[in-house]
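Quick heads-up: the structure tokens below are two forms of one chain, split into structure 1 and structure 2.
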Structure 1
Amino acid sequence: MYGTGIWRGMWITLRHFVNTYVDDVKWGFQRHVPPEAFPVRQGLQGRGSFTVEYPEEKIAVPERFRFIPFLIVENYDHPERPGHDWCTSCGICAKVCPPQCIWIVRGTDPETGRPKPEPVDFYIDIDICMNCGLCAEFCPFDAIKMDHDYELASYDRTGNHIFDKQHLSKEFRYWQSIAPTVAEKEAEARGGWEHKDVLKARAKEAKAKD
């Protein structure tokens, strides 16, 4: 019969409409879903509305989520070298970065004038960065990682969007907190929780003692 298709369509729309309210009743009409309800609503069992009411609630991003990179520095309460960069300014990230938005200034030793393996400055133009994650993937020292903090709005787009070393640096602890399992895997590959250099130095010391 002519028109049945439309009615069937309307029926589906109605079902969706009702489902939304069924969901609301189930969770007690809370404006912002209680935390336990969230994985159900935003998962494969979700039936009702899929809306997430940003900024009152946000979906936590998974561990592998990639946003603008940040540099790992030693924890500020590290016994040997607090706040020391993990980066050795090897330049691989700058080389592999597809839009070429990383600029590294390599440090020199003031006495000998020879290059030191740590960056004096490290700039990333986050307007250009395409969040591809290649820098984090190929850094041999696990010193640059992709961040999870995507709320970057700012009032000035000329100066604010070129991040310098100070802005980029974050404690190692932070990386452990945003990506625990990934950090653990990397530590396993390195052979310990510490930076490669520290681990090497330790191994050397232990050898010397023997």
Structure 2
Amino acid sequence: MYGTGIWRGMWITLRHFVNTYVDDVKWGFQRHVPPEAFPVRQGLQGRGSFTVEYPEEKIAVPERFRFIPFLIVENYDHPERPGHDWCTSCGICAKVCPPQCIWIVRGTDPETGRPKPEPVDFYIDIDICMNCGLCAEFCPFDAIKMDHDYELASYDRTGNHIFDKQHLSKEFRYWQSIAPTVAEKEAEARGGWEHKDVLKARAKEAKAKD
């Protein structure tokens, strides 16, 4: 019958409108308290209309969400290598980067002059980065990962948007906190929670003792 679709649409709208207030009553007209209210109301179990009031409220990002890359360093309370870089400055991330936004300066031994497997400087231009994640995918040492922090706007594009090594470096436990499942799978593939070089050195030491 002519007009049935209009009435059906209006009924759905009215039902959402009523359910919105029913849900408000259910949660005591408090959007943020208790803490579990927000993820439930903005999820599939929510009823009615629920507007996320950004930036006061933020929708949780999935574990595999990716934004600007960051560098993993050992935890600062690590007993053997506190704050040591996981990056060996092999340069694979810079080579596979489609927009070429990564610059690496490799370190050298001051006594021998030979290159060291660690970066002295590491830069990423976040205005050029396209968040593809290829640098993290190709890194053979799990040293570069994609961050979940997407609030990076500033008034100075020339200086603040070129992240240096100090800005990019974050403890390994940070990666474990934002991507626990992925971090665990990577650890299984490496054979432990430590850096590949540490695991190799321990295996070699154990073999020598045998």
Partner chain sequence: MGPQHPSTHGVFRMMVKLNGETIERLEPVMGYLHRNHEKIGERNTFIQNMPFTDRLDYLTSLSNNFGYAMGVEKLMSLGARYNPPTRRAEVIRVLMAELTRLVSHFWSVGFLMNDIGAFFTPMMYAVEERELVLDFFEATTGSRMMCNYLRFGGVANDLPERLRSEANLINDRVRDFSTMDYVWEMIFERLPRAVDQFDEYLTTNEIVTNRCIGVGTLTREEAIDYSAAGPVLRASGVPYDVRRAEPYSIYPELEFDVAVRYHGDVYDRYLVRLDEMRQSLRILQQVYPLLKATEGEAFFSGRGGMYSPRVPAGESYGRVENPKGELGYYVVSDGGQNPWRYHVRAPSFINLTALERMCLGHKVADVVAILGSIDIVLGEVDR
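Every residue number counts along structure 1's sequence, beginning with 1. The term rigid core refers to the maximal set of C-alpha atoms that superpose within 1.5 Å between the two forms. Since the model is a prediction, treat every value here as computed from it, not as a measurement.
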(request) Determine, for this pair of isolated chain forms, which one is the form predicted on its own. (result) 2
(message) Rigid core aligned, does the Cα position of Gly159 differ by 2 Å or more between structure 1 and structure 2?
(response) no
(message) With both forms fitted on the core, check whether the Cα of Trp193 differs by 2 Å or more between structure 1 and structure 2.
(response) no
(message) Taking 2 Å as the cut-off, check whether the CA of Gln176 shifts that much or more between structure 1 and structure 2 after a rigid core fit.
(response) no
(request) After lining up the core, report the Cα displacement of Asp24 between structure 1 and structure 2 in Å, one decimal place. (result) 3.7
